[in-house]
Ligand SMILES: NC(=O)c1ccc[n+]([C@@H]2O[C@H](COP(=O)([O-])OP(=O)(O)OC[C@H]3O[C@@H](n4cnc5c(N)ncnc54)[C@H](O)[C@@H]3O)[C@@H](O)[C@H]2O)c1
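Single chain ahead, by itself, as structure tokens, in the form predicted on its own.
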């Protein structure tokens, strides 16, 4: 498929994005390169711009980025509305991603962003785990059993070959049941267990993932005494589920320092520790990673647009090659 630049663009619905999207192994490689470019200072990524039309916990984010290695420049317009699933039967996360031609600025693609958001968030956690998890990590503890939890576990299983089991807790028992059924089919080699409390999921876990709604006023669950020596914490819901003592139990990293500072100025992370660096710093060796097998580490995954654009560029090229999507006139 060939598009007439400046005359046409490609539209991809959610199912089409998922159909041509990269595997988790390919996603990890793409995300690793995106963060390397960030660490080298060649990728461009301003902090997110946020709107909160309903309340502080419902957001609309504009996320622009340019990643030269992928020839990708664009913006993701993504929303997160915690009340959508229980009240409206709609997804928590939804939105669109727009890619532009880097040489002319003309739009070349518009695509659903839900699959990309879930896949790249998992891949970023996988990348952090490769750099920061204790050697021979075996067990993951998951708080939250929604869409994001699935790609988190898939990414960890791909990134950490020794991982073999996961304990999952969700306030909605049916969500945990669906998670175990779905992920059991994807990862048949894994031992998956539903537990009845957050503490049961976290205690003795080598890697702890929290994947709930992002809240301006945190409702912390994870306590310092629950974390075993050598544990790696991977929050993808800001500090919503983490007490200050748990976040500050050891070395603390974020995916993007500039964005973290922006969120601090907006009133988030009011009692959080100061990061020692971000994944761009880790990828280029400007900061060190794990210092000992017993060190507790937390790596905060805020969600970054360089990851979205790297993934979107791959989706776009594969869609063109496969003739997938709808060509729309400009």
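Owing to the predicted nature of the structure, the values given are computational and were not obtained by experimental measurement. Residue numbers count along the first chain shown, from 1.
Note that the form predicted in complex with this ligand isn't included here; everything after this is about it.
Colleague: Answer yes if any heavy atom of residue 134 is within 4.5 Å of a heavy atom of this ligand in the predicted bound form; otherwise answer no.
Modeller: Output for residue 134 is no: heavy atoms all beyond 4.5 Å of this ligand.
Colleague: Applying a 4.5 Å heavy atom distance criterion, does residue 73 contact this ligand in the predicted bound form?
Modeller: Residue-level check for residue 73: no, no contact with this ligand.
Colleague: Against this ligand in the predicted bound form, would residue 59 count as a contact residue? Criterion: heavy atoms within 4.5 Å.
Modeller: Taking the distances in the predicted bound form, the answer for residue 59 is yes, it comes within 4.5 Å of this ligand.
Colleague: Would residue 302 count as touching this ligand in the predicted bound form under a 4.5 Å heavy atom rule?
Modeller: Yes.
Colleague: Which pick from 109, 145, 231, 156 sits with a heavy atom within 4.5 Å of this ligand in the predicted bound form?
Modeller: Flagged contact: 145.
Colleague: Tell me which stretch of 245-253, 157-165, 182-190, 86-94 has a heavy atom within 4.5 angstroms of this ligand in the predicted bound form.
Modeller: Result for this chain: 86-94.
Colleague: Quick one: name the residues from 225-251 with any non-hydrogen atom within 4.5 angstroms of this ligand in the predicted bound form.
Modeller: Read in sequence order, the residues that approach this ligand (within 4.5 Å, in the predicted bound form) are 236, 237, 241.
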